[in-house]
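What follows is one chain in structure tokens, specifically the form predicted alone.
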Amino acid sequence: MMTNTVYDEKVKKYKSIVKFENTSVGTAYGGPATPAHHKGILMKDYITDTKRGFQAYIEYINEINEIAPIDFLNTPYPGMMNVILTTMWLSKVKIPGRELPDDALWQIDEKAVIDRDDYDFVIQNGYEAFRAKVLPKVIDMAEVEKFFKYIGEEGPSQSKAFIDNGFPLVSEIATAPPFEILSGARSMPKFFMDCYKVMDKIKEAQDVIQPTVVANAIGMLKNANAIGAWVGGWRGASGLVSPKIWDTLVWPYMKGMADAMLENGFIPVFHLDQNWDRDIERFLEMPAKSCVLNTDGMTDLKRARKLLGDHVAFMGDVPAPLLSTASADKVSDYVKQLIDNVGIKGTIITSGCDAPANAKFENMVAMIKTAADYK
């Protein structure tokens, strides 16, 4: 696909930040749900009327960019978001206009759809057979087919729009390690209990799941000619699981996914929700200046920078409550303090995780503009 000078220069800047060769802080937009309210579109229409929804998405980003320069995008448009999340988490997702009010945000409807015996099913039959067994329990398969048709028909034009508007998408897809997949299907309370009672069985199942998940992710990234992808860290956060569980069931698989991306020329973005302070030094195990940590406001980045130095780039970290309820001045103050704490090199300023659906437009502008202007 043809690119342009603006787009190419921003890709070059992104790679320079990862390598700590940048001379200015990067800025990224991340907020799949945020444009809907600002553009006057009900959430149900925003995620289901994909052509209209994507137009609102790119227009909203350009509105910010006209005032404050956005270098990169950290999240794609969330068309048919329930299918994306269901196929990743193996959990049912409620959506506005169907199970929820028309302008509500999509929600995971978490219930156990597998039993403890299903770990043996994975081991004996493989991940694809397991997925084929579970998916019909949480989604109408006709909707999955509709989603892939949508991606095939509209995906190329969306990619072209990002390029034409000069916005490199640095996280083309979100990848869920086996820990997250099994947690979604089993439900968090039951899965966490299983981690204590049948840890060896879960590890055996995850060892079967991992190669297929990695191969599928690499295939999608190659087909999209992507820059990189999220390596998801949600329920596997240091603040949620014991060291033994983290060392056995979480980190080896996250690291394995990231290593595979690097081997194939893609930049892993470790998307780290919740608190990762306890294990933050483990990211020194990744090759130096090759990855990005994308935190959500709960991990101490000042401490992380002291421990990690110039080994790993940071992307974050303005918390959702600030973007939705604080003043623009307070958002600006937070960004300045963050840059003072972690430095300019190897730093990209964006929202902590996704900007919330009710983020104030002036706060989104303040976040980006402060980062771009602050010296």
Partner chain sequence: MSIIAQLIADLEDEKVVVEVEKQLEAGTDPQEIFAACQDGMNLVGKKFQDGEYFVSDLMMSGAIFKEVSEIIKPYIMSSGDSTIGKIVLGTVEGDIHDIGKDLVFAMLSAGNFEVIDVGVDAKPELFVNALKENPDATVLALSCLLTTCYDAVKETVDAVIDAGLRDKVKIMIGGGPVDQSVVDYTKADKFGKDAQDAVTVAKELMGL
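Residue numbers count along the first chain shown, from 1. Treat the numbers as computed from the prediction; the structure is a model and nothing was measured.
Missing here is the form predicted in complex with the partner chain; even so, the following discussion is about that form.
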Would Phe192 count as touching the partner chain in the predicted bound form under a 4.5 Å heavy atom rule? yes
Is Gly155 one of the residues lying within 4.5 Å of the partner chain in the predicted bound form, judged by heavy atom distances? no
Taking 4.5 angstroms as the cut-off for heavy atoms, does Thr75 touch the partner chain in the predicted bound form? no
Close approach of Ala320 to the partner chain in the predicted bound form, 4.5 Å, heavy atom: yes
Sort through Leu135, Met88, Met188, Ile151 and report the residue having a heavy atom within 4.5 Å of the partner chain in the predicted bound form. Met188
By the heavy atom within 4.5 Å rule, which residue out of Val208, Ala112, Val198, Leu240 makes contact with the partner chain in the predicted bound form? Leu240
Partner absent here, but in the predicted bound form, which of 56-64, 324-332, 306-314, 24-32 has residues with a heavy atom within 4.5 Å of the partner chain? 324-332
Spell it out for me: taking the partner chain in the predicted bound form, does every residue among Lys39, Gly297 and Thr347 have a heavy atom no farther than 4.5 Å from it? no
